[in-house]
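Shown here is one chain on its own, the form predicted on its own, set out as structure tokens.
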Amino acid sequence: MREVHSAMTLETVILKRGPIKKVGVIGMGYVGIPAAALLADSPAFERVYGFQRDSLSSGYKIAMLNRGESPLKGEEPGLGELLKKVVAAGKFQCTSDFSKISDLDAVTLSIQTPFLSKDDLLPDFSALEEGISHVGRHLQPGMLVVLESTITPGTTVGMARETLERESGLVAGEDFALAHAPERVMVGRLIRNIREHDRCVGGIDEVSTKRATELYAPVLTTGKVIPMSATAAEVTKTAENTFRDLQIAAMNELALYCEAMGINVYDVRTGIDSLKGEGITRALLWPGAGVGGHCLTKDTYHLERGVQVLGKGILDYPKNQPSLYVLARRINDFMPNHMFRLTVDALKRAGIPLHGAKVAMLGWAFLSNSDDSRNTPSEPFRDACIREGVHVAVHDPYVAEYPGVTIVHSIEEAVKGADAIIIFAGHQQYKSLDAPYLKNLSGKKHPVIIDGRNLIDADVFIRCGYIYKGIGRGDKNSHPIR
């Protein structure tokens, strides 16, 4: 799998085609929608198509986007206004007609890449391969294809290239340009992140990198393009998410230690963070009820698979020793189990049998003030409750629905008659919970409250008669019952 090819032919073909004017974005999700809107808003491009399958589950997005409406819930500053603007200007259209790809100069793919098996490191590229095949069938000489999805290192020069060449009969690096430019966005700040974050752009050759830079430079404001190879870009993306997961895991494990030792992890965190000076660098993140989302929950496995495939027989690391990164991933996966244990212990203190207890879960989305519930840590907690015969009511102000789960949109409905209130998401609405009001709704003398995001004042709830437990709050988790 080489990354350097003769660029003379490709450069000539691209010069003949001219500047990038028409762009397609495949995958209308949290990444594709804001990316398409920003490209359409740029004067550098004449028209942008958003490609979305007209399926039962997501086909509704097509009509919404063509009305200038965002199908994304939660708070996304600037996105709604931008969509209205580009649709009204006739610069953006969403379609399920993939044949329109043949009229474009550049196509990007923003498609989810989950794992079939984390233990066996088998990714599920079926949706991505389908999207790449669509592009390949309509690929024309001189076009640029960019993978934005987070992928196993080696995928761009491997599976993606092979699929495109097979479907089109063209040769990457000679007839068309191919690159990887991973997205670097967080739900809740999509527009700002795309504009302001630096963009890693990795082509399979210098001409591909240059052509991809031409595509992304116009939408950047403070951000700049960082050129590199396709595989280096793949490793950059998977590694930066792996490092973030590692940092969260370090705080989660410290939180567990502080609980066991009877101290407050947030005091310790403040103390650690106070040491400043030359040569001292650290990124202290926050402990919590668990890590969710599409990226952090699987990108470690993409990185691990990449080194196992590309570095097989070369990696100098003791055999049969656990990976630090995979261990961190398992720590974060454990946190919903710990939340369940805190709940069980608190109910026991209240003298309430676990079987038949009623629990009000506050928060189904994994991210604050968002509707993003992909791989939410709330789900394994709910599953554990149901296995033990616990009745669960789920509240979330942003998540409208979720397969197999009833979401109630009134806190009062969720908390009424509840033996325990479990805070799973850091939504703004949960920061001002009224202790006496919720206690009255529950009808319990000593209702349980478990704070998985350090949102509430523990002392206020304890004085009101609650049995409180919180992640990392060893100083409060065994408080006297008022």
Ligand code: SAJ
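Quick caveat: nothing in here was measured; it's all calculated off a predicted structure. Residue numbers here begin at 1 and follow the sequence given.
Separately, the form predicted in complex with the named molecule exists; it is not shown, and the next lines address it.
Engineer: Can you say which of 108 to 116, 156 to 164, 140 to 148, 363 to 371 gets within 4.5 Å of the named molecule in the predicted complex, counting heavy atoms only?
Structural biologist: The contacting stretch is 363 to 371.
Engineer: Which of these residues, 379, 304, 183, 174, gets a heavy atom within 4.5 Å of the named molecule in the predicted complex?
Structural biologist: In short, 183.
Engineer: Just one of 84, 100, 348, 244 has a heavy atom within 4.5 angstroms of the named molecule in the predicted complex, so which one?
Structural biologist: Here the answer is residue option 244.
Engineer: Within a 4.5 Å heavy atom cut-off, is residue 395 in contact with the named molecule in the predicted complex?
Structural biologist: It does not: once the named molecule is placed as it appears in the predicted complex, residue 395 has no heavy atom within 4.5 Å of it.
Engineer: How about residue 220: is it within 4.5 Å of the named molecule in the predicted complex, going by heavy atoms?
Structural biologist: No, residue 220 is distant from the partner.
Engineer: Using the partner position in the predicted complex, report whether residue 286 sits within 4.5 Å of the named molecule, counting heavy atoms only.
Structural biologist: Residue 286: yes, in contact with the named molecule in the predicted complex.
Engineer: With the partner left out of view, is residue 296 within 4.5 angstroms of the named molecule in the predicted complex by any non-hydrogen atom?
Structural biologist: Yes, residue 296 sits close enough to the named molecule in the predicted complex that at least one of its heavy atoms falls within 4.5 Å.
Engineer: With the distance limit set at 4.5 angstroms and only heavy atoms considered, check whether 27, 73 and 427 all reach the named molecule in the predicted complex.
Structural biologist: Looking in the predicted complex, the three residues 27, 73 and 427 all stay beyond 4.5 Å of the named molecule (heavy atoms).
Engineer: With the partner left out here, which residues of 75 to 91 have a non-hydrogen atom within 4.5 Å of the named molecule in the predicted complex?
Structural biologist: Not one residue comes within 4.5 Å of the partner.
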